[in-house]
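Single chain ahead, by itself, as structure tokens, in the form predicted on its own.
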Amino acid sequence: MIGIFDSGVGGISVWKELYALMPNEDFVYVADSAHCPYGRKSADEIIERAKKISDFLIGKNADIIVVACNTATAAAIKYLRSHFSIPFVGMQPAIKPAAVESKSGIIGVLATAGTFKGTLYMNTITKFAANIKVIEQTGDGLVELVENGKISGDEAEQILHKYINPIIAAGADKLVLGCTHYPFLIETIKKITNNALAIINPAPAVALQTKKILYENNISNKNNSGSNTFFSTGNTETMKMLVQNINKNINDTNFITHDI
């Protein structure tokens, strides 16, 4: 059983890649939408939520947990790995591929304030982007847009223009998405930028790492059955919409509101 959690529905973008790579595995997803967004919370608050949700997922027989949230990874992954005995996979800022592939020597990073403050992000910048100019942009309001299902339209375009126009003006040719909610805005980003930026989503790499750990620890699903259960601490409507856009065969009864 693969457990996944995020501050809300953003981690569905990670589940999408996990499911595409390992459709026969069993997945349990938790969207902590009642406490979203995490970006403005303290590290202690995020650790408390991450621990409660991890306890819940382990109670559902999770053998591995994917922290499908950049902010929660930055604040809580070290604690989770020390507190629990099962493996945890976090979101790695995709700075390295952006820096290596950039032709202009300038990259943009769109993330939450919590991610930018994290040691993991700062260490990654130091290690892989010492000779690259990094334009950092905090995406205030974008998580809330996605949580409300507003992944296209005038409101999304206006906010994205505000954040991405300065990145383009600075000469960036790569845009790193530093929040798992943001991949749901990729089509709108492409539209407003006329594909001027190559968009880098770390979720596929996280799925590959999860599969590697499953096989190394011999905890992959031997029954080849495959199941998906989606919990939310808040409203499930946006989650249903996003999941069913990915796979219309997912049964509605798998979406459950649950207080954690």
Ligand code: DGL
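One-based numbering along the sequence shown. In this text the structure is predicted, and so the values were computed from the model without any measurement.
What comes next is about the form predicted together with this ligand, which is not displayed.
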Site test, G39, T112 and C179 vs this ligand in the model of the complex, non-hydrogen atom cutoff 4.5 Å: yes
Which of 30-38, 189-197, 55-63, 202-210 sits within 4.5 Å of this ligand in the model of the complex, heavy atom basis: 30-38
Listed residue (V143, A156, I164, A94) with a non-hydrogen atom within 4.5 angstroms of this ligand in the model of the complex: V143
